[in-house]
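The data below hold one chain only, encoded as structure tokens and taken in the form predicted alone.
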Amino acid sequence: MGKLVSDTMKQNLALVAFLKQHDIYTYFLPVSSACENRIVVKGTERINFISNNYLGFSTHPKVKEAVEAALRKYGLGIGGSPIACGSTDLHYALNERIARVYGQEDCVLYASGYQALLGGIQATVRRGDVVLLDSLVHRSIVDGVTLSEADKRMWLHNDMEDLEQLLERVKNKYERMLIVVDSVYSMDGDIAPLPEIRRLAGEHGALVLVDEAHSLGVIGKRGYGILDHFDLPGGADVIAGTFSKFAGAVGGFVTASREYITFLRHNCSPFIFSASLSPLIVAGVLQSFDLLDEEPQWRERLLANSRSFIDGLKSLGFDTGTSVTACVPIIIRDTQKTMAFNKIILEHGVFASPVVHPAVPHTESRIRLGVMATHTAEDIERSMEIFKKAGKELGII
């Protein structure tokens, strides 16, 4: 009988054991309150910088009202896959809303953002095609390429010269080329240079897919993401995203031409073989789109808070990399110090996320922070005091 836990698995488990032994393990902590600017962790209230609920919509009164109404009408779930009995009038309304936001013809909804990227890529390319990835794209994109059996090539992060050289090397060798980027990179908070990517794709006959996970609701004059940010209609052939950031919920989407979306509805495994997104979530996300249009103050507050937060960290001497959005790293470059830093700030009242190998290379370990529109000036000021204390104690600043 084979071993359930392999030697490779044991190597990974050894790191977990080490962190627990040294009392610097801070993952999977119990939360007993809503995801707001202050959050109760292990029975104690702390400032919440671990969330992607950037606009604070998950607890907005109007969102709660919409979810309660959907619960009374539809109950908890649909009881089937989208292709069977899982597409309500709410689902169709959200499809239409997302397609309109992005200037596309149609849309499909997924149970998660991960599934949306996995399915969108898996259905777009196949063996004999090639996918060109920015080196820092989300893991769901890499997994989607693996599932598709297309070849994978990577270029240096946001380096357009490297992308152009890569396109030159692979052109005429594959049936089709697909360029995939994150609009906003989740570990660095910087933005993909989409106009230049679109230009290079046009010159070399490649398609473009963008992952809007961390940009919808965050960038753009209307909060409509990277195409809105660059005023670039038609800047991507396929647009995928999630509701876990913009709406603080769950679920994902892919939007594109009507013909392409019809193909996904009948050929995309993660879409066909998963239960449909709960109508409660759909109702909440629809209301979040209304808030995005009707209450722009949330985006304005998020932008102001993000600038204040980044400026504050830089003034203390922390390395925040290239971030210009609500995704803000404190780059520490040492796994043990990263975990120790997170333990110190947790003890003093800040809930944040340590990111270490294998999520990032050992030399890129960091604390990943998510700024919220609902953070107060007091939240930001107090967090700076705590970060300064931890940074000084560990010799980081």
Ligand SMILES: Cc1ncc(COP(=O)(O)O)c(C=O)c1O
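In this text, all values refer to a predicted model and were calculated from it rather than measured experimentally. A residue's number is simply how far along the shown sequence it sits, counting from 1.
The protein also exists as the form predicted together with the ligand; that form is not presented, and the subsequent description refers to it.
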property: Stretch in contact, per heavy atom within 4.5 angstroms of the ligand in the predicted complex, of 211 to 219, 261 to 269, 285 to 293, 168 to 176; result: 211 to 219
property: One residue of 114, 155, 74, 230 in contact with the ligand, assessed in the predicted complex (non-hydrogen atom, 4.5 angstroms); result: 114
property: Proximity to the ligand in the predicted complex, single hit among 186, 276, 104, 124 (heavy atom within 4.5 Å); result: 186
property: Contact of residue 242 with the ligand in the predicted complex (heavy atom, 4.5 Å); result: yes
property: In the predicted complex, residue 134 touching the ligand (heavy atom, 4.5 Å); result: no
property: Partner contact for residue 138 in the predicted complex: the ligand, 4.5 angstroms, heavy atom; result: yes
property: Members of 249 to 288 lying within 4.5 angstroms of the ligand, judged by heavy atom, in the predicted complex; result: 251
